[in-house]
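You are given structure tokens for the same protein chain in two forms, set apart as structure 1 and structure 2.
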Structure 1
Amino acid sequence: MPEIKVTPLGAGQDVGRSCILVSIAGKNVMLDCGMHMGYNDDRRFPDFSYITQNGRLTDFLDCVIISHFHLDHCGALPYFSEMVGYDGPIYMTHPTKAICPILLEDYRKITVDKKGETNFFTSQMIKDCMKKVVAVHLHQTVQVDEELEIKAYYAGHVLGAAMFQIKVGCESVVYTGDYNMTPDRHLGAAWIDKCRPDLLITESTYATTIRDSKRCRERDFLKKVHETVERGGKVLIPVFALGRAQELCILLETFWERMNLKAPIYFSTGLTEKANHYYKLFITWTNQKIRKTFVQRNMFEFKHIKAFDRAFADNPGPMVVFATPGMLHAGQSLQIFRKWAGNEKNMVIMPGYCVQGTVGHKILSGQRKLEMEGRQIVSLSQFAHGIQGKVAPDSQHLCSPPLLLQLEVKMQVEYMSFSAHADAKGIMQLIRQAEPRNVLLVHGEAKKMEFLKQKIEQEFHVNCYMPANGETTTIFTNPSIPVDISLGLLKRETAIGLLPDAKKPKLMHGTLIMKDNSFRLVSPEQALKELGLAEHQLRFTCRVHIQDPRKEHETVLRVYNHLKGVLKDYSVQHLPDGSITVESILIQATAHSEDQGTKVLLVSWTYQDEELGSYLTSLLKKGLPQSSS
């Protein structure tokens, strides 16, 4: 029986480091190749030795598909292709191909140049890796090889995010990556057609959440930012460079304009210019409103939002800063957080999900005393509030190497989900749209997944799986084989009976021709003509035993009279040789070799008259009426 095997190397009962291996009809595909934000050791990347202990990865994998540019979906790609060694094709959309190397380079700078880590991919490796990428358009069917094909669907979430359908013959899998079923201020909602895959692999980040009204959340966000700025505080909003950042920038820009506010708003430098460039370049991926107004006004050119300089963090007075990355695990957002954490006037707003192990996750869990690495020399003024550390007698600096500093968090911590992931309602909506035969959950927490799994199984009556990392799930498929039917045969069938009902299966009689991996059902005459064959008459014969002591010709006469009376709409004939015909059906009578009181009726028919032949057989098995003479 055909089967599909799925093994998560990352994102199995976990969020982060998405990497899923799928085996379908002899083809092996890797879905995403991400890194984990919560780890700095070997656990940061997926364990690729699972694929093969010896030999090249290219020999085992037919292709790699990247759903979008977030690092937990593409962060391990240069390591995988250049350091572990993979030379095969890597598929992603055009915006993902454009943005991916920028984020990878930014991540490399933080890890290597600032943290001083070794055994990490280089800038050249990122470039070499991107040379292996094949960019795809939405709804374009891409033939990976003769049998394997893939197709991308719009996923919302971030610019360029896509869901992918992987198809081999009549077996198919849909992988959602991350997606959002509700449109936001700059992107549309995810969409997929009723493709009825054998398996839908869906993210389940917010498996148990049903989000409140977006408008209420936006109003609450603006109120909190406004109140903090009014009392002279600073607001830090950690974001990833693309996606949620643009969403909140548009929101604050319009609010500042409407309220005529003067407090400065800043955005981490470098990435924002590039981000806005790509939004302009890939304007067709944004929502309808932005596309419509783009000619008059580009929504991504902000009047009130300026580029941020590191020195601005020490400026007195209120300000709002969007800083990367979004989970406070490194980079500029973490540096600013350290400076501002000790002042209760300030606020940090976490606008999305934070992976376990990150500073963002710790403060959202209520932790208010944090141990921070103080590797670089840090001015005392930066830690005026709440840091205990040893100070050299004549120095105004905290010294490192590796000195652990305790940071007391006095600033207000708020969590407001502006996440671009589907909530529980959205996940159910997508399942309803695609109508899969099986569902598999990834990119979520085990307890939440368990709840959603039960809900899916109850509502849709399909099997739902949630494998852990390194665990293989095998799904047996029952492939339906598409068959083309000739117009002549369809016309003949509809002429015989009623018009076919779309909801009820209809039995079709014809000849099945298999050619070049495709199937056609045609009339026998057409098949003989196409194949240049002579017709052979095939008849089915059934024996019916009847208790009748009379002579054979008398029994035949009784049968003839009985059938003539019952089958008024059919041509029933008694032939000179003593046999009976009903249409193409032939009935002959012989005496039983051992019992003269039993007659054997031989009923024979062609396959065209199969229904009538079966009916006659069952009728004769009931015996002859006594009055027949």
Structure 2
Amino acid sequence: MPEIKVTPLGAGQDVGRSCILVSIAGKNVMLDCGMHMGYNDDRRFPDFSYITQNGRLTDFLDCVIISHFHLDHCGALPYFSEMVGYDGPIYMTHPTKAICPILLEDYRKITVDKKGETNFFTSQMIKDCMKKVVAVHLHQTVQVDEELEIKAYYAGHVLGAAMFQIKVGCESVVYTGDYNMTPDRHLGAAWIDKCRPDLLITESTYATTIRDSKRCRERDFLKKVHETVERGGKVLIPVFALGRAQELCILLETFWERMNLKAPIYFSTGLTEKANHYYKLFITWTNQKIRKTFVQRNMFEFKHIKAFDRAFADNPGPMVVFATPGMLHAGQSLQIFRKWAGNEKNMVIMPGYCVQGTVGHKILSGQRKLEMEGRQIVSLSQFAHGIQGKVAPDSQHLCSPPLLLQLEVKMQVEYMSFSAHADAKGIMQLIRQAEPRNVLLVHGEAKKMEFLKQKIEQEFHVNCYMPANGETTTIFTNPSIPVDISLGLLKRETAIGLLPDAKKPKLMHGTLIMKDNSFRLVSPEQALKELGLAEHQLRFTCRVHIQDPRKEHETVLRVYNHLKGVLKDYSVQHLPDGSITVESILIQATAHSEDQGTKVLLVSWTYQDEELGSYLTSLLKKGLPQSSS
């Protein structure tokens, strides 16, 4: 039985290091190639030795697909392609291809330059790796080879995020990557057609959460910023360079425009600036509003938001600053935070999750007095610009004994969560849209998956799997095999019955020719002609003994009358030569050579009339009715 095998190398019952191997109809595809935020050792990259111990990966993989540019989905790519060795095609969308190298480079810088790691991929490797990338458009069907084809669907989440359909013949798998089913200020909602894949591999980060409407959060956020600015206070919003930063920028920009506000908004230079540039370019990947209005004005050409300069932090008067990194553990955001923390008019808004031990986490948990190590902050000032997610501050990295500073936080601390993953409802909605035959959960915690799995099985009556890393799940498929039918045969057969109905199977007669890996259904005559075979007629003959002392022709007459009476719908004929035909079945009677009282009925029919022939024989075997005559 044909099967699809799925093995997560990462992201199996876990978040981070997404890497899933799929074997479908003899093709091997790797979905995503990410790094893990939580580890700094070998475990940060997927274990590619699972694929092959020795030899190039190219021989074992038909293609690699990257869903979006977050490092936990593409961070291991240069390592995989350049250091382990892979020369096959890598597929990603255009925005991902544009932004991915920037993030990889940033990641490399932090790991190598700041942490001083060796044996890490180099800038050149990133470049070489990107040369292997083939960019795809939304809804474009790409033929990887003759049988394997892939197609990208819009996924929301971040700019350029896509879901991929992988299809071989009529077996297919959909991999969602990360996706968002509710639109936000700069991206639309994920969408997929009713493609009915054999397997849907979906993320399940928020498997046990149903989120509230985004509007309330947005409104709260805007209200808080607005109030602080009106009071003359300064607002600090620590963000990571890509994704949420742009959403918040758009949110504030439109709000400023709407409310005619004048206070300046700044975002930190560097990565964010570069990223905004790409957002400007890929307008088609954004939401309806931005797409519709960009003819008048590209929304990412911010009117109110300007690049930040270090000196601006001391300017008097209200302002809003977006600064990296997002957890206040280092860099510009921390510097600004230190400057502004003392004034109760100011405010810091944390737009995302903070890892324990960071300043962000401390202030969010209500700590009002912080001890800061002066030197360390300076030395790490450029650290961790753009890594998404959980980066633990590196406390080993010290140049000189720390100088402890007491910092009293008087400014207001607010928390606003803006997440771009689908919640439980969203996941269910996507499953409903795609109508898969099986579902497989990745990119989530095991306990939460368990709940969702149970729900999916209960509501959709499909099988749901949640393999751990390295665990292989096998799914048996029941692929339909396409057969070409000759038009003549089809017309002939449809002419007999009613109209064909798409939902009902239909019986037809024909000859199946399997030749050169293709199937064709043709009429028998054509098959014979094509194969150069002479037509053979297959005839069944059967002798039936009847006890009848009468003359032969009388017996024949009796049989004739009997059959005529029973088979009313058929044409039964008595031929002059003493034989009977029922349709094309011939019946002849002869006297038994030894016993004259026994008549032998010779019934002969062709293969095509098998049904009627065997019925007739069984009828005759029962004997003739005792007639009065």
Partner chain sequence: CSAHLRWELPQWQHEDLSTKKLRLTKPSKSAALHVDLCKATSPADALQYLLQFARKPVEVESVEGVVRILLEHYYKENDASVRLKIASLLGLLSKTAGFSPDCIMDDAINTLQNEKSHQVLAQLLDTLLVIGTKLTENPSVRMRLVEVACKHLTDSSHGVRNKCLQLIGCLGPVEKGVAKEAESQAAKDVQKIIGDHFNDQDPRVRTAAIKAMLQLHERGLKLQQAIYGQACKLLADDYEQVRSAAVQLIWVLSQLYPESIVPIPSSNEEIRLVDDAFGKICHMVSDGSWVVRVQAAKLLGSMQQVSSHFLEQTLDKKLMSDLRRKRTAHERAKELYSSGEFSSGRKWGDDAPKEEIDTGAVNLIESGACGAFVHGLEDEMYEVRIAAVEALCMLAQSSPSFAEKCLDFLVDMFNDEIEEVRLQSIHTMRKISNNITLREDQLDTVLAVLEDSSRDIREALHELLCCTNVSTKEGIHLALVELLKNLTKYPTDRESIWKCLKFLGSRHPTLVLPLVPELLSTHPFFDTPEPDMDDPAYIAVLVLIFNAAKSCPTMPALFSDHTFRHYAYLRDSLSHLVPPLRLPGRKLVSSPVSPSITPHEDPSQQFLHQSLERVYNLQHLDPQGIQELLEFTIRDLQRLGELQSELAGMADFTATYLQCQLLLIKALQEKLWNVAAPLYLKQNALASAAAKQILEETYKMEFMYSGVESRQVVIIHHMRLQAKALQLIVTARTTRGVEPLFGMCEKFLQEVDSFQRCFISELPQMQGSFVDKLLDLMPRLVTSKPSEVVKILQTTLRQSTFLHLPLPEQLHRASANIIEPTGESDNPLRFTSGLVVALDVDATLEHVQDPQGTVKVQVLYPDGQAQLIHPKPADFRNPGPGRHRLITQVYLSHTAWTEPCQIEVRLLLAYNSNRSKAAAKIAKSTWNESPEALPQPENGIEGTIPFSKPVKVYIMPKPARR
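What you see is a predicted model; the values in this text were computed from it and never measured. For residue numbers, the reference is structure 1: its sequence is counted from 1. What we label the rigid core is the largest C-alpha set whose atoms superpose within 1.5 Å from one form to the other.
> Mark the structure, either 1 or 2, that is the form predicted alone.
The form predicted alone is shown as structure 1.
> Aligning on the rigid core, do we see the C-alpha of Asp193 shift 2 angstroms or more between structure 1 and structure 2?
After core superposition, the displacement of the Asp193 C-alpha between structure 1 and structure 2 stays below 2 Å, so no.
> After the core is overlaid between structure 1 and structure 2, has the C-alpha of Asp548 moved by 2 angstroms or more?
It does shift by 2 Å or more.
> For Thr477, state whether the C-alpha moves by 2 Å or more between structure 1 and structure 2 after rigid core superposition.
No, Thr477 moves less than 2 Å.
> Would you mind giving the Cα movement of Ala323 between structure 1 and structure 2 in Å, after fitting on the rigid core?
With the cores aligned, its C-alpha sits 4.3 Å away.
> Core-aligned, what does the C-alpha of Gly366 shift between structure 1 and structure 2, expressed in angstrom?
Between its two positions, the C-alpha of Gly366 lies 10.2 Å apart after core fitting.
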